[in-house]
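Here's a solo chain for you in structure tokens, the form predicted on its own.
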Amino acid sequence: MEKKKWRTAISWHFDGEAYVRGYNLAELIGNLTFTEAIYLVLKGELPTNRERKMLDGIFVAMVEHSIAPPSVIAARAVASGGNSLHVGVGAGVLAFGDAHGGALEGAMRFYQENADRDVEEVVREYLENGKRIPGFGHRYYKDYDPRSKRICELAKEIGYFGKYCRFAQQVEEWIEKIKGKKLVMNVDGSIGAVLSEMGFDWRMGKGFFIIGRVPGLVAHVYEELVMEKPFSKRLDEEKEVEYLGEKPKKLPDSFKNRRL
């Protein structure tokens, strides 16, 4: 049989009915929560109650983090330019990168590639080579990240605190021992450990952040559209911009009145 160009194991139509991972979509409606449906699509199987509860907690932890992150600034600025809601939300998603939203994927990869090694050796290797350890450190939280604390508590409550979570906590301890300065395990660090416990591949990391944060972006763009006037996000050049370029100067005569 000839191999076809596109292949998928996620969903298909049989006899005019939509099926997701083998389950009739119409039957899932009203019987699965949205989180359970997300788990099914991503993992290919129905979740247990504890898997659903853990993923619920993870998505709630990521849903919103105020107006300052680059994604929200981008989303509201683009909406301010006179664009519709989906364009603003799309701009917000495109603002996710290594410094904002990418740490979750980085943390998952770090854990999955190093959790079976000696913790001190791993931390020293990263720090001595000037490599940043993803999932640790936060601009505002210095003692602990309250979201991370709660994720770890929930993981313990429902049985998802295993080798990756213990490794993450030991990494935090060794960073402080070696640097003499505490870098808290942030929300990406804790969620990355738990998602690793749940068996998710690190390459899904950015996807989880997108799923969790899009509702917050929708709320911000909607708020921008209904509360603010278009172009409201324009900078005040006198107060907010420092010009570093050339002073005004004349164009050389050799560039004037030329035939181009």
Ligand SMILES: CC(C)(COP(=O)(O)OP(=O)(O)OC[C@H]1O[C@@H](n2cnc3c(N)ncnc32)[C@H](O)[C@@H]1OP(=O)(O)O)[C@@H](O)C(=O)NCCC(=O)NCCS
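From 1 onward, residues are counted along the sequence shown. Given the structure is predicted, the values throughout are model-derived calculations rather than measurements.
Below, we refer to the form predicted in complex with the ligand, which is not included among the displayed structures.
Asks: Does the trio 32, 47 and 51 actually contact the ligand in the predicted complex, every residue with a heavy atom within 4.5 Å?
Replies: Spot residues vs the ligand: no contact at all.
Asks: Does at least one non-hydrogen atom of residue 135 fall within 4.5 angstroms of the ligand in the predicted complex?
Replies: Result yes; residue 135 sits at the interface with the ligand in the predicted complex.
Asks: In the predicted complex, does residue 178 have a heavy atom within 4.5 Å of the ligand?
Replies: Residue-level check for residue 178: no, no contact with the ligand.
Asks: In the predicted complex, is there a heavy atom of the ligand that lies within 4.5 Å of any heavy atom of residue 148, even though the partner is absent here?
Replies: Because no heavy atom of residue 148 falls inside 4.5 Å of the ligand in the predicted complex, the answer is no.
Asks: Is residue 121 close enough to the ligand in the predicted complex to count, meaning some heavy atom within 4.5 Å?
Replies: No, residue 121 is distant from the partner.
Asks: Which among 77-85, 158-166, 108-116, 182-190 is in contact with the ligand in the predicted complex, heavy atoms within 4.5 angstroms?
Replies: Of the options given, it is 182-190.
Asks: For the stretch 212-244, I need every residue with any heavy atom inside 4.5 Å of the ligand in the predicted complex, listed N to C.
Replies: Residues within 4.5 Å: none in this stretch.
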